[in-house]
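The chain that follows stands alone, in the form predicted alone, written as structure tokens.
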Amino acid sequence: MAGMVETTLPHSATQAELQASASKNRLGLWIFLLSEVFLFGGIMVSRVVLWGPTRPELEQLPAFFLTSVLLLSSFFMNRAETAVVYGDRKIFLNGILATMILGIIFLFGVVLYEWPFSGLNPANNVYGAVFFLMTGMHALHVLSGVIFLGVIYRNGRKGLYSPQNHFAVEGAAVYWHFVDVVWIFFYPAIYLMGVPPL
């Protein structure tokens, strides 16, 4: 089939061996994500305890735009993962590339717009400290996801994934969706919950 992704698996690797390896990798991935849940959960608790029923006065429209960009990136990530399962190399590569571009837009929006124009400083008060902790830790995870996707894109161009062997793509997709879900909780906690102090 012309659109199929080529594979470079050793001829000795059977389908059963591939499935066993993928199962172990999935277990490791979910254990890692569980540790991430505790990390981000602790950060969310610090927001609730330190800010209480208040929040800093922040611009709503840029944050809403960046949230939309991140959610759109999940659509393209899902599209890429589905494409590799069905052997459609072009849609797979385009989906990964679109996800990376949207992730970079999100990063630039946070680092180059939100941080300088928020009026907050991590050293000045509890609002700045928590705001930079939450957005900074999330941005770090988005950055690592973009780097991970860059590796996936490079390997995909080399034809290293197939419908039978694509756990790296699955792992990247699960990680990316996890980071997006974290932002779904962080966005309202930072920008919507509570009232600005008088």
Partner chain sequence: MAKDIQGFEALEQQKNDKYMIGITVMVILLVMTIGEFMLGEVGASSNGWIWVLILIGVFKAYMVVREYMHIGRVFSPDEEEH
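Being a predicted model, the structure only gives us computed values, none of them experimental. Residue numbers count along the first chain shown, from 1.
Only in words, not in the display: the form predicted in complex with the partner chain, which the text now covers.
Item to check | Close approach of residue 74 to the partner chain in the model of the complex, 4.5 Å, heavy atom | outcome: Contact with the partner chain, yes.
Item to check | Contact label in the model of the complex: residue 88 to the partner chain, heavy atom within 4.5 Å | outcome: Yes, residue 88 lies within 4.5 Å of the partner chain in the model of the complex.
Checklist entry - Would residue 155 show up as a contact with the partner chain in the model of the complex if we use heavy atoms at 4.5 Å? => result Residue-level check for residue 155: no, no contact with the partner chain.
Checklist entry - Are any of the heavy atoms in residue 184 no more than 4.5 Å from a heavy atom of the partner chain in the model of the complex? => result Yes, residue 184 sits close enough to the partner chain in the model of the complex that at least one of its heavy atoms falls within 4.5 Å.
Checklist entry - Does every residue of 33, 78 and 194 put a non-hydrogen atom within 4.5 angstroms of the partner chain in the model of the complex? => result Yes, because 33, 78 and 194 each have a heavy atom that approaches the partner chain to within 4.5 Å in the model of the complex.
Item to check | Selected contact from 45, 39, 27, 147, since only one has a non-hydrogen atom within 4.5 angstroms of the partner chain in the model of the complex | outcome: Of 45, 39, 27, 147, the residue with a heavy atom within 4.5 Å of the partner chain in the model of the complex is 27.
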